[in-house]
Structure formats: structure tokens, C-alpha cells
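Given next, in C-alpha cells, is a single chain: the form predicted alone.
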């Protein structure tokens, strides 16, 4: 790859990506063995303290962005993630939405999503979420049979998951949910049955993830001790191909490595990430990235909920790190995020932000990957083929390490 100057770039927002707000709620009822997110099991919390802390964090994040020359513009997405956001009191959600829209404005079709677990207790709060301003719900179903749910450490049953889906469909026009496949012992027939049941709800979006063993999780510890928890790469690839075929027949486009949607129903918030847009992050461990004064900045909040609250109270913010992204860092972000999308990376994104007028890849390497049927590169776009997305980590390694 041609060397990029270490001097930060002067990027401008892309036409595709909007402006988003991510709100992290760090609490869960239990820690799932596969989860490496910033989540903490607590018995209770101070509702007033958390309301004030998150609103103060939002005010400071906007102030910090404008001080850096960033432009406040109408929000196209607000996303409540976690943790388990369905444990957040709905009045806190309503207050954050109200403050964010008051300060920034919102597009007419602003997508306001909350993640929720399909336990009976949390399902009962969905109506309150709608009243708080949530217009899209993402349910953490993860599996549709009880043995798999027990293996994944989930608290709900398959029957509760199906009840939650039916209830969510009645309340929200837009509903998505997650499933995890590739569990040890899972057969193609079993996965087809689960996926067919999921598709019977005629949802406009599904997130279908391969089980991965992430460092720092309970599964990682068990894996290190020799326990086999997931399928082999070949078996995983078989299920991946099957997933693409079945969802396509159901009218869902495989628009991102693990995400499938009907036309126009792609996750707007995640597209901001994948298209290298601008967003603010509030809450413990939340990350925000935005442009201003010819630079791109990253701001990360303290991960510990206790330390987060304390620093908000003492300093008015809980920033753990804040820095300018270099051109090399931005290039890697564009490639690693954009190549997850079926559309790939448009060259204009690198032209606008880095001044590149051609792909900085070794031609021999690109030719080999294209001839293998894994990569497509034109004068305007670089994308992984369907076969290539099965080998995405390898492709990215080759592209980012190549010398032009």
C-alpha cells in the first residue's frame, strides 16, 4: 500500500452516511458466555443519577464536537444499545430523545432503535418504549430452541421469544432480531428450521451472526481449556451459504456480512458506522467519531459504570480518551468497515477524505484476488464478492498490507 501521510486528513461528511447518537446502557440481568460487550450485572441502580449523567454526557459531547469545528445537524438515528437497554427506565429514554432532538433536530424519518431481550418482564415494557419515542426494536432472540438458549446462557425460552416477536410486531412497524448460528452440534436441518420460523414473521430486517469465540468471554475460557463450542470453518461456511439462499428467497438482501433486510429497511444506525459517518456516543464505554476543523476525532468514555458516574459528577464529562485520527487510521477504518457491505467501498470516500485518486493496492495482489473470484475492483469501487465475504479477514489483511 502506498504510504499515507501521518498528518490528519481534512474529511467531509459523505453523502450516504447520516448523523447518529449511540446511547450505551451497561446493565444486564446476567452475563452471556459469548458476550464481550461492556455489560455489568447489578441488582439495582440510581435512576435519577443515571438520567442526569447521560443528559450531561450528551450536552458535553455536543459541546466538544462544536468546539472541534464539528457541525450539528439533524439526527438520522438514535440507538440504545448495551448491555440490556430494555432494563433502562422508559422515562430516561424519553428524556434523552427529547434532549437530543431539541439540541440537534431530527430527520423526518429518524430511526430510533432500542435493543431488548424477549423475557416476559422486558417484553411488557415495549409499549412504554413506543410511548417514549422508540420506533424500531431489535430483539436479542439468539436462538429458537430451548437447548440452544440454555447453551448460550439466555434467560428466556423459545416460547417467550416467539411471544415477544408477536408483541413487537403489533406495536412497531420496524422490528429486527438476532440469531446466532454455528453452535457445536448444530445441523443444517436444525438451522433451516430456525431460520424458516424466523422468516415466518415477515420482518424487514434480521441479524444472523456466526458464533465467534471472543477473548475475555466465558466461552473463550472454556475454549482455551479445550472445549469445542462452535462448528468447523467448512460447516460454518455451509450454513452461511444456506442463510444467504434462504433469506434471498424470502426477499431479504444480504447487504452486510451478518445483516439481511428488505429494500429500504437496512439499519440506518449501523450504516453510519459502515459508511464511516459521524456519530456521538454517550454512556459507559461508548465511542463517538466525528469530523471538524479538517480532522476526524474519536472520543471514548470510561467503561466502568461507577467511574463513569463519578467523573460526570466531578468533571462534567467521563472522557477516557480523545484523539485525532490519522490518515492511515482513517484508511483502515474505511476499508475494514466498508468491505463488510455488499456495496463495498466507493473510491470517492477516499478521494474526499484522503485525496487518493486511485486504489493504493499492489496490482498483482488485486489481480490474484479478482481471478480467484473473491474481489471486484473497478475505477470507482472495491468490494468483496459473496465468496470473498466468507474470507473477509484474509482479504482485508491482503489489502491493508499490500505495497503499490
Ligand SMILES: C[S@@+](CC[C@H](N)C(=O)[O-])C[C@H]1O[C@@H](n2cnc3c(N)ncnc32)[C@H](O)[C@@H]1O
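Residue numbers count along the first chain shown, from 1. Worth saying up front: this structure is predicted, and the values here are computed from it rather than measured.
If you look for the form predicted together with the ligand, you will not find it shown, but the lines that follow are about it.
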Heavy atom within 4.5 Å of the ligand in the predicted bound form - the one residue of 77, 259, 117, 276 that qualifies: 117
Contact assignment for the ligand in the predicted bound form, among 133, 83, 90, 182, heavy atom within 4.5 Å: 83
Partner-proximal stretch of 30-38, 363-371, 53-61, 339-347 relative to the ligand in the predicted bound form, 4.5 angstroms, heavy atom: 30-38
Non-hydrogen atom contact residue 172 with the ligand in the predicted bound form at 4.5 angstroms: no
Residue contact check: residue 98 to the ligand in the predicted bound form, 4.5 Å heavy atom: no
Exercise: residue 284 in contact with the ligand in the predicted bound form, heavy atom 4.5 Å: no
4.5 angstroms heavy atom contact with the ligand in the predicted bound form for residue 211: yes
Residues in 140-171 with any heavy atom within 4.5 Å of the ligand in the predicted bound form: 140, 142, 154
